[in-house]
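Okay, so here's just one chain, in structure tokens, the form predicted alone.
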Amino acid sequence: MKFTAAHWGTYKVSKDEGGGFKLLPFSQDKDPSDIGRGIESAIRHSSRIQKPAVRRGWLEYQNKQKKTQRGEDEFVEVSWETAYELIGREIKRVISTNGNESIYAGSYGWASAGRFHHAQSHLRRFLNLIGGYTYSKNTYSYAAAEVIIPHVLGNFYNFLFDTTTWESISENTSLLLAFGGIPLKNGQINQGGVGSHNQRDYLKNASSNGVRFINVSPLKSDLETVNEVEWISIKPNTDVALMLALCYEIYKSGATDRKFIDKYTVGFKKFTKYLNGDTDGVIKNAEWASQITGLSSDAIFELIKEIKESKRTMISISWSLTRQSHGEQPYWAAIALASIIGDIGKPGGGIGFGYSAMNSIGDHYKKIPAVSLPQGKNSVKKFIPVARISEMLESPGTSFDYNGSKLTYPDIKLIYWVGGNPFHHHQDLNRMIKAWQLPETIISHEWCWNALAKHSDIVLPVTTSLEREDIALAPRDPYMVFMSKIIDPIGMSKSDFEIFSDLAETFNIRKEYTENRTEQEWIKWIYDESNTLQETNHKFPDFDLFKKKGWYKHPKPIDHQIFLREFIESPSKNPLDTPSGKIELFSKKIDSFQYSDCVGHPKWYGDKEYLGNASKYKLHLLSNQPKFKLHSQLDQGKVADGEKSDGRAIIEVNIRDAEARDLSEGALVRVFNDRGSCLAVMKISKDIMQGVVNIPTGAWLDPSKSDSISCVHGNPNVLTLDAGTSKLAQGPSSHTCLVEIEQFKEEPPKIKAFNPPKIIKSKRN
């Protein structure tokens, strides 16, 4: 029996005599996802890159001819030998002229299931062997939390995956207050692989056990379970105001858990001065929050009543709330609220970060130690926050703030990108396309002609996970899967390991890169080395037996995981990794940075693009995770069509907003602001707050030559704001975005997102 695995699930493979295949549900999966089946139709799609290709304008510019625009050019197919020659010569030139600091390999992308064929690991290993590269820090998912949480609680990654288990919630929680909801569609995925999707089961069991769920979100669909869920529809980007009002009113009523505050936190006095208005003359009460959030004062007091009457309250906060202007504040304010309630460290109580953001969040598991491909040491110390790419390319040599430091943007001459697509993740794509023209050379490894490939100079075709062997060994999933090779590589595609092994030859470091191991030997090495890290009674099975069966499941731990339980049991023996060793409701360190956009305590900032200051554009655009694909992956496959209409993205609009603009169900509309515009198809709904619209992310960028349309396909990132969350984290602010919509009355332009560029057969082959 053959299996394959991906970050959206594990599948049994059925092959037919004609060389085709089907991905069938894994027998152990409680709630299989259809996302992975998208590769059935995508793997041989016309968008597949067959041979190495070089942008014609880049080739001609090497001969001092006129430079042409990336993204609008033809490509010349070349041999692998020619591609290696061009890349080797160009990297050597850039290093000798400008140094390794001028190479940017942020190469941000989602972690696929293959433990060995992890694209970024191979890129970093290769570049580190030739002197290093400028890199990126943090993620598009939750950058603001990655930076703020260490100041408030300690190491963020420990807490992200040490969240209180769903079993503990089901057995002990009375009230689960979910800011940003708990969207099941997001729980289809998991870094490094998924054996069984459990989030739906967990929600169902908790609801059946009497846990009361409240969804605080502009979208009703952000939390769905078997029993009725109370929906508090709040204006986007205003959760902090509501949290602060809850803190103030609970404190004012005398219901604060003072024993918890005094024993486990610092800075409460300074925080309450802000709540009381001592610092700015504004009391953060329910009436104040009502004016900001759109909720009535009565609704806020009713919520306070429910919290007070709850025997055990869990505050859940989604990752999405970090992706806004001042995105550090929702997590800090939520921690303050949970501290005032006092249920942190108790079974089923306290706070949790991102339930159902991934399948593993809240799962009952013990982290499985595992090794990865060694990447070596990067000699270059230069980095940027991951979401500041355009700014870096536009403004080399200028300074910027980040987490208390003053840093300088490098002068990037060459970008090397593998295993990701910046034309999905990044904001304000019109700005980025202009900035993307500035480097001298851009190299990418891709398997399909997406926007990254079309905006590169040298494109190398890579295999997919179905065209090579690997193992899915995710530290945060109990299932380990041997990923069989299902089909032969399409065209001339090679694995990243093969590509970098050959490229290493031009630098005389092939032996150092490969360590004289084949792909199969590396896979077994990773398996064996990981096995040495396991507890004696939890050793992996013999490799050959594992390979033959195709999968293995690690035993479950006995005890439920409770967030911060050890700290609460003994704060002196188990202090937090903060300056005080406690929860910092006021941070002296952050305060010392003297940032006007992130002071020493949780704070409401109204200087953002949101419905509270809407003038020219009256609708707040959300761009959430799609249901039928992960980000932009497999958008050309048939499964992704489940979230489209006539091939275009769908925009969800409140019925009253549709009526006010005389727009009907299924109408093609133009969504626009000063940054850009896109086309989308209307879906009229009562389950989205008035004044809010939503376009799921992931539509491949499909630029138009028309001045009135930036993307005919419906990519919302032609509209979103490219600005750092604050000087502290400099994270993405994609959910801080105002737009307007109008009916598109012209002939609908054809979608060309999946069309390859014009390919020229090379005379150099």
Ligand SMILES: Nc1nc2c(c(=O)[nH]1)N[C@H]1C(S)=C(S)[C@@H](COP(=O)(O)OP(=O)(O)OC[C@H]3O[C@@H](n4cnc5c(=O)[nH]c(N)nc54)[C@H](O)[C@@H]3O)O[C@H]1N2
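Quantities reported herein were computed from a predicted structural model and do not represent experimental measurements. Start at 1 and count along the sequence shown; that's the residue number.
Only in words, not in the display: the form predicted in complex with the named molecule, which the text now covers.
Undergrad: Quick one: of Ser360, Asn186, Ser456, Asn138, which gets a non-hydrogen atom within 4.5 angstroms of the named molecule in the predicted complex?
TA: In short, Asn186.
Undergrad: Identify which of Gln199, Ser493, Gln324, Ser168 has a heavy atom within 4.5 Å of the named molecule in the predicted complex; exactly one of them does.
TA: The option sitting close enough to the partner is Gln324.
Undergrad: Would you check, heavy atoms only and a 4.5 Å threshold, whether Phe179 touches the named molecule in the predicted complex?
TA: Yes - in the predicted complex, heavy atoms of Phe179 and the named molecule come within 4.5 Å of each other.
Undergrad: Given that the named molecule is not shown alongside this chain, does Thr725 nevertheless sit within 4.5 Å of it in the predicted complex, heavy atom to heavy atom?
TA: Taking the distances in the predicted complex, the answer for Thr725 is no, it never comes within 4.5 Å of the named molecule.
Undergrad: Contact between Val671 and the named molecule in the predicted complex at 4.5 Å, heavy atoms?
TA: Val671: no, not in contact with the named molecule in the predicted complex.
Undergrad: May I ask you to state whether His735 is within 4.5 Å of the named molecule in the predicted complex, using heavy atom distances?
TA: Although the named molecule is absent here, His735 would touch it in the predicted complex, with heavy atoms inside 4.5 Å.
Undergrad: Where does the named molecule sit in the predicted complex: which of 130-138, 472-480, 212-220, 556-564, heavy atoms within 4.5 Å?
TA: Of the options, only 212-220 has residues within 4.5 Å of the partner.
Undergrad: For the stretch 420-458, I need every residue with any heavy atom inside 4.5 Å of the named molecule in the predicted complex, listed N to C.
TA: Those in contact are Gly420, Asn421, His424, His425, Gln427, His445, Glu446, Trp447, Cys448, Asn450.
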